[in-house]
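This document opens with one chain alone, in structure tokens, the form predicted alone.
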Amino acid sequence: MPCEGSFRDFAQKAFDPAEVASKPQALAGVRVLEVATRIFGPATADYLGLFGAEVIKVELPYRGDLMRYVAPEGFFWKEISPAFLPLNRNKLHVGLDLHPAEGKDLFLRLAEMSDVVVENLRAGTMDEWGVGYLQLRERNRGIVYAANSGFGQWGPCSEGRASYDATAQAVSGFSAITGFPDQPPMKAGFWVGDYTAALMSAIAILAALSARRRTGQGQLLDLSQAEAMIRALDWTWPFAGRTGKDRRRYGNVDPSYPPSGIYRCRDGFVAVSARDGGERACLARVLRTDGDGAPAAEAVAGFAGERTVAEVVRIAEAEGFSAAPVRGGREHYLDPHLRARGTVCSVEDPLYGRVDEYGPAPKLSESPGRVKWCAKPVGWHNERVFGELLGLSAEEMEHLARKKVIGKWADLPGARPPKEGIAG
């Protein structure tokens, strides 16, 4: 039956953020165990949690995930780092030491009840501890085990070698093509290696869960951070393979669509792009340049430099090429378009009160993702997981806490609850 009104009206109603809470969640019923630190592993599990997976984040008691202490410019808000928040939404936080026998036993019991394990320790570490894939599959044949690492679980570079975002950017070739021709290679201004690899790991997990529906069997997933970044480098490798030459650094200009790039205006920066001959002709007309080829970047730079960002954007919209302002986080935070779509959303968290979060980027009309609560202190959900899920008594939990098998937060910013207490 055809719908009334325009497709735009249909889409606005289908994706209305006000209706999200009343709709089912795509991954409801999927339980994920996360044994990860910093970014790569936690981001993988965060993506799954946004769409309804129950994520149990296992941290070493007291101090927890090292990302809790990565505080940009030394800034903590209500005792939590803003770098930790966007990686750990919708998770159940438990403090559990996997080294003692009692800790291994609790983890194995949780794994028997779970669908997915996500870890990003050095290759083989979990197996050495006796809680890796080989041990877990004996207890749960359906377990999907995502082993995230810098260089993979096997191969000459895998053993004992750590990786971080900056090293992944360098090894993958990303840094080599980033920056200006007369300057050294550059790294991106955010943790692109971690987040890119985490997206690919989450996709692999979904693929493995789909395969399990047919076979009943889980599997081991080997996700190399460096290889994920290599896959993201579009035409870099095919170009090198066909020409024998490395791709060069081009600064802010896209060599595939010249003179597309970022240019300085009187009051900021603007991205200008002309994707085909028609748009390049429109741009050339505005620039008053001759010839059939693409206008020179210098001409675009001169044009932009004499105008404000708003003027360039307005001219582009009127004349038929693309231009957009270079924006920062504060502008995103205040943007009415992003707010209306739920891409920037406010969450009323029972511990922290109102928290502004990045909502899910993919919008699903029938089973949308959502931020239900924010990251929590170390061990915040110990009673819920060990007591309600595993059935431990208060006395058993107290005994394990005295032995430091389980535990909660240290009295440190990053690990502990806000000093003012639970939001009222």
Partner chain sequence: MSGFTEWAGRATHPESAAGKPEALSGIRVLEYCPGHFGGMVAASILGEFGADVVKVEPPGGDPLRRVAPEGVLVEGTGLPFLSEARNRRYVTLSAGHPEGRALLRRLAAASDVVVTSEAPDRLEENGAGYLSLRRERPDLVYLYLSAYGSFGPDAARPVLDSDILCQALSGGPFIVGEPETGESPPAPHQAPTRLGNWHGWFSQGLWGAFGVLAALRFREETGKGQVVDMAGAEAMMMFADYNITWMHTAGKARGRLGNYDPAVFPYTYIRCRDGYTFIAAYNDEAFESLMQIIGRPELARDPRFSNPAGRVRIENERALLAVLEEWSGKLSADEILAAVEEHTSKKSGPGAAVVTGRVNRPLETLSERNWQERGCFLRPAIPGYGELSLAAPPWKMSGTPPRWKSGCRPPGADNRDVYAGTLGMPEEEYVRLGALGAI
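Positions refer to the first chain, counted from 1. All values reported here derive from a predicted model rather than from experimental measurement.
One more form of this protein exists, namely the form predicted in complex with its partner chain; it is left out here, but the text below deals with it.
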### Message
Just to confirm the contact call: exactly one of 106 to 114, 68 to 76, 300 to 308, 281 to 289 touches its partner chain in the model of the complex at a 4.5 Å heavy atom cutoff, so which is it?
### Response
68 to 76
### Message
Is Ser172 near its partner chain? Define near as a heavy atom within 4.5 Å, in the model of the complex.
### Response
yes
### Message
Would you classify Ala162 as touching its partner chain in the model of the complex, given a 4.5 Å non-hydrogen atom cut-off?
### Response
yes
### Query
Taking 4.5 angstroms as the cut-off for heavy atoms, does Gly142 touch its partner chain in the model of the complex?
no
### Query
Hey, in the model of the complex, is Trp237 touching its partner chain, heavy atoms inside 4.5 Å?
yes
## Note on the structure
Picking from Lys363, Arg384, Lys372, His399, the single residue whose non-hydrogen atoms come within 4.5 angstroms of its partner chain in the model of the complex is Lys363
#### Entry: Residues within stretch 248 to 268 having a non-hydrogen atom within 4.5 Å of its partner chain in the model of the complex
Arg248, Tyr250, Gly251, Asn252, Val253, Asp254, Pro255, Ser256, Tyr257, Ser260, Gly261, Ile262, Arg264
